[in-house]
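Before any questions on binding or motion, here is one chain by itself as structure tokens, the form predicted on its own.
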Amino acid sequence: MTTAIDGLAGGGVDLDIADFDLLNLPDDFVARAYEYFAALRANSPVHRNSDGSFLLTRYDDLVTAYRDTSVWSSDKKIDFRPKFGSSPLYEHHTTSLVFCDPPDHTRIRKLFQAAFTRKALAALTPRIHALVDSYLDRLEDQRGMEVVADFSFRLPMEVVCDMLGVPGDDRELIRDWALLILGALEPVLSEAQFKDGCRAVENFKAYLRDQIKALKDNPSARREGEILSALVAAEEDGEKLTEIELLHQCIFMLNAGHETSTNMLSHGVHEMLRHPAQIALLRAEPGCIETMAEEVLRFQAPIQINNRRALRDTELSGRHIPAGSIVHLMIGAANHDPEQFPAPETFDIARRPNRHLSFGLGIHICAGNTLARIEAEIAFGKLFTRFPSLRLEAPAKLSKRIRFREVTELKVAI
């Protein structure tokens, strides 16, 4: 199910949010999310849901939860057991790097760092330029495109497949599995979604076992700089990476490596076309490309919700939060907090400073944030330089997903 984007940003402080509940959201929530966030920030910044969890909507409260790991845990073993049982989804989402605490988090993340060094990313840059040019050549030939399928999904998926050493021909298969696995993180999960998500995890693991076996059987097939090759080597060198950890970090990298960037690119194209004066500004001042990428990330956070568990009694915005409580960090709300961002509902590609929280903060800050920014700057810079007359054929359509702000369809034409 999708909804058209219509009037994404607004005041909304007069909305009645007394009965607002993440587990039973109003039908218009996706279309009016930022209005609801404004009302919650103003009237109930630490808002209790029907299950006893809390919504956090103020920027400063999210920063506190991200930074203080002595109080706020990312480990999801307790949280996910009632939802996933002992299923493949439970195995994946409690083993993934993003959902564990130190020392496991420190040990596993260290193995990925080599893929995101300045040298490694510099080696990827020519490939990103070539991919974007090929998509834009196709746009010129066809005089139009569906942005998600032909641009914003293809670029990060092909890049992450290159990084992991996974054949690019498998990208559609991987995308389908990723949507089912990440979809299971939504606040409300149907039985069908649960079964489909579990099946996707098992299929993904079987696929990766074949890829890993091929690399183990034929070491000459390994490539320097490919993450899958590096992880296989780390396992063989005794760096304490179990097979289950190896499989699930690869799944996590393939999922996380494209989901955020896909949504970022889709929203960036849409917002620029909704604000033609910003395209003119970018063309007049090409140096704005860096701040443009940051503003897209702030204005339409690709991931809208992160979660933490309180390890002890604490307080946020004057409200007591008991030990064991789950808090939902509403990134989209924090990114529109007027206490941090003047005129937060204005899309301004020259905005400085812009300390948005779309990549998280602290030890769990997105490992691929620099790569995502490189993809954005190259993609947006080339697109709006080459096609200044690009236009929307219809408003973007948004998925009904809550955790991810996903554009499902965006048609443009020259």
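Counting begins at 1, following the sequence as shown. Here the structure is a predicted model, which means the values were calculated and not measured.
Note that the form predicted in complex with a small molecule isn't included here; everything after this is about it.
Peer 1: Going by a heavy atom distance of 4.5 Å, is G381 a contact of the small molecule in the predicted bound form?
Peer 2: Residue-level check for G381: no, no contact with the small molecule.
Peer 1: Using heavy atoms and a 4.5 Å limit, would one call H105 a contact residue for the small molecule in the predicted bound form?
Peer 2: Yes.
Peer 1: So in the predicted bound form, is the small molecule close enough to P302 to count as touching (4.5 Å, heavy atoms)?
Peer 2: Flag for P302 set to yes.
Peer 1: Using heavy atoms and a 4.5 Å limit, would one call A367 a contact residue for the small molecule in the predicted bound form?
Peer 2: A367 belongs to the contact set for the small molecule.
Peer 1: Run the contact test on V160, N306 and I363 with a 4.5 Å heavy atom cut-off to the small molecule in the predicted bound form and return yes or no.
Peer 2: Each of the three qualifies.
Peer 1: Spot the stretch among 50-58, 385-393, 370-378, 30-38 with residues whose non-hydrogen atoms come within 4.5 Å of the small molecule in the predicted bound form.
Peer 2: Correct option: 370-378.
Peer 1: So which of L97, C198, L182, L241 gets a non-hydrogen atom within 4.5 Å of the small molecule in the predicted bound form?
Peer 2: Looking at L97, C198, L182, L241 one by one, just L97 meets the 4.5 Å heavy-atom criterion.
Peer 1: Of F341, F153, F252, W72, which residue is found within 4.5 angstroms of the small molecule in the predicted bound form when only non-hydrogen atoms are counted?
Peer 2: Checking each option against the small molecule in the predicted bound form, the one that comes within 4.5 Å is F252.
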